[in-house]
Structure formats: C-alpha cells, structure tokens
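Two versions of one and the same chain are coming, encoded as structure tokens; call them structure 1 and structure 2.
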Structure 1
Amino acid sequence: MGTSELLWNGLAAILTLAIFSFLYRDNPFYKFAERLVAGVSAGYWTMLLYHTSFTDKVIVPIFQQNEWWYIIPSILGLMMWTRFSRKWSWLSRISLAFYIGISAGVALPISMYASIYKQLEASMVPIAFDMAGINSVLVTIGLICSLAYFFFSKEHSGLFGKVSRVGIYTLMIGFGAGFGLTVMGRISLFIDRVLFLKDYILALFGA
C-alpha cells in the first residue's frame, strides 16, 4: 500500500470510527462525520446529475444537435425554481402538473405489471409433487388467507375468522423476513467496515 493510499484509507478509518462513536452517545465527532458525508454526497450527486442529465438532456441536444424542442422541458424545469418566489411560485404548479401526470402515466402500467400481474402469475403455477410444488401450494394458501384478512365486508368469525388469522400469521412471517433481510444488510455493512479497519491496521503496523 502506497503512502497516498495509506493516508486516504487513514482518513476513511478516522471517519468510520467517528460514525461508530454514536454507539456511545451523540458527540461532535459523529456530527462532523455525518455532515461531511451529507455534504460530499450532495456535491457528488449534483455534479453527477449535471454531467449525466443536464449536459446530455439540455446542452448537447440544444446547442450541438440543434434539437430545439428540448427547450420546452428545459423551460418547465426552470419554472420549478419559481417555488422560491412568493410572486411567481404559481408557475411551478404547471411544471409539477406535467411531471406528476407523465410520471403517473409511466409508473401505473409498470406498477400494475410488477406488483399485480407478476404476483398473480407467480401464484398460478402448476402443482407438482415435489418440494417446489409443496412450496407453491403453501404460497397460494398464504395468499388467499392474507387476502381474506383484508376483506372487511364480512365479520371475521367462524371459519372465515380462522382463515383470516392464518393470513395474519402469513403477513407477520413476511414482515419478519423483510425485517431480517434489512438487519442482515446492515450487519453486512458493519462487518465490511470492521474488516476495512482490520486490514488498515495490518497494513499500518504489519501482521
């Protein structure tokens, strides 16, 4: 590891320890690292959006490719900044109306396909006498019971109440699995930082 890389990794190690110091209590070291990360992230994403969105979608099409119709979305984008003016803030509503309308038109078919059609397709598979088939049957039963829990036009009593209770258990299992996956993702980030500190110490002082 070269001197320059050693210094940069040292800075990263110090900032990592500053973030970990929040486990003890809130302190100035953690606040400094938190604000530094937020500032660097904001600056990075600003420049990234400038080079990947503003340059490619505004400067290049209008001034280099002579596609003048790109001026229309550019004007709508500039009108968004009128939100900071009390007198002209109403202009931003026009841009927001275009943005929300177009986003809804694009997102609704995609959401319907991914969240409804694909889910229904996955629950309508042929039944086979193997572990995959048993798993499909259990998923279908859990799906029906979960939908029964959200059927509020009928009192949840008797057989229907028992079915909806199974739906509650199914939902809790799903939420628990999602929470566990989130926790494991955070734990993996923690392990990665710990291994980074260990490797840096070994590189700094030797094995």
Structure 2
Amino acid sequence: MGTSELLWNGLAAILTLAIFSFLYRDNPFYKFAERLVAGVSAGYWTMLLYHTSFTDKVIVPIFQQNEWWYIIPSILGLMMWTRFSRKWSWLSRISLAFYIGISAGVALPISMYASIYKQLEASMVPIAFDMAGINSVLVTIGLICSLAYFFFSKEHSGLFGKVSRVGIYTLMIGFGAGFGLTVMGRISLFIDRVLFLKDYILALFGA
C-alpha cells in the first residue's frame, strides 16, 4: 500500500469508526460522517445525471444533432420547476400527469403479469408424487391459510380459526426467514468494515 493509499484509507478508517460511534450514542463525529456521505452522494448523483441525462438527452440532440422534437420533453421537464412558483405551479401538473400516465401505462400490465398471474400460475401446478410435488402442496396450503388470516368478514373461530392459525404460522416462518437473511445482510456490512480495518492496521504496521 503506497503512502497516498495509506492516507486515503486512513481517512476511510476514521470515518468508519465515526459511523460506528453511533452504536453507543449520537455524537458530532457520527453527524459529520453521516452528512459527508449524504453530501458526497448528492453531488455525485447530480453530476452523473447531468452527464448521462441532461447532456445526452437535451444538449446533444437539440444543439448538435438538430433533433428539435427533443424540445417537447425538455419543456415538460422545465415545467416541473414551476412548483416553486405559486402563480405558475399548476403547469407542473401537466408534466406530472404525463409522467404518471406513461409510468402507469407501462408498469401496470407488466407488473400484473409478472407479479400476479405468473405467481398464481406457479401456485396451481399439477400435483406430482415427489419432493417438488410435496413442496407445491405445502405452498398451496400455506397460501390458502395465509389468505384466510386476512379475511376479516368472518369471525376467526372454529375450523376457520384453525385455518387462519396455520396462516399465522406460515407468515411467521416467512418473517423468520426474512429476519435471518436480514441479520446475515447487516452482519455482512459490519464484517466488510472489520476486514477493511484489519487490512488497514496490518498495512499501517507493515505486516
């Protein structure tokens, strides 16, 4: 590790420790590191958007390639900024309506297909007498029982109560799996920092 890298990594190590200091309590070191991250991210993103969006989709087509029709979306984009004026803010609604209309039109049919129809199809497969078949039966039972738990028009007692109880257990298994994976994810981030600090300390002392 060269001197320059050692210095930059030293700064990164100090900022890492500043962030971890929040585990004890809120403090100025944590606040500084947190705001630095937010500021750097915002600055990076602004420049990235300028170069990948504004330059590529406004400046180059209109001024260099004479594709004048790019003026229309540019005007719609500018109209978004009228939100800052009480008098002209109504103009931004046109751009928003255009944006939401397109987004909904594009996303709704595909989301229905990918997240609902395909998932329903996967829970209605023919029963096979193997491990996959047993799995399908368990998924179907879990699905029906979980849906029963969210059916509030009937009192959860008797047989229906037992079915909804199985639904709760199914949901709990799902939440448990989610919790376990979340723990793994959060610990992974911590481990990465510990490995970074360990490597930095070893490099600092020339090991």
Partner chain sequence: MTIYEKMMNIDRRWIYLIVGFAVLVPAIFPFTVPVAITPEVRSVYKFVEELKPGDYLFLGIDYDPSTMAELHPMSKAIMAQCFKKDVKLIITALSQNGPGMAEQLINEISTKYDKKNHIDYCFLGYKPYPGITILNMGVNFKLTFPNDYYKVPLDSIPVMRGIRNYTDCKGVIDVCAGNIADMWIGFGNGRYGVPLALGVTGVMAADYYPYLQSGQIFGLMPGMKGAAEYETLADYKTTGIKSMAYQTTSHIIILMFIIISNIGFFLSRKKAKLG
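For clarity, a rigid core is taken as the largest C-alpha set superposing within 1.5 Å between two forms. Remember, it's a predicted structure, so these values are computed and weren't measured experimentally. Along the sequence of structure 1, residues get numbers from 1 upward.
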| query | finding |
| --- | --- |
| Of the two forms shown alone, the one predicted together with the partner chain | 2 |
| Residue 154: Cα shift of 2 Å or greater between structure 1 and structure 2 (core-aligned) | yes |
| Core-aligned C-alpha movement of residue 65 between structure 1 and structure 2, 2 Å or more | yes |
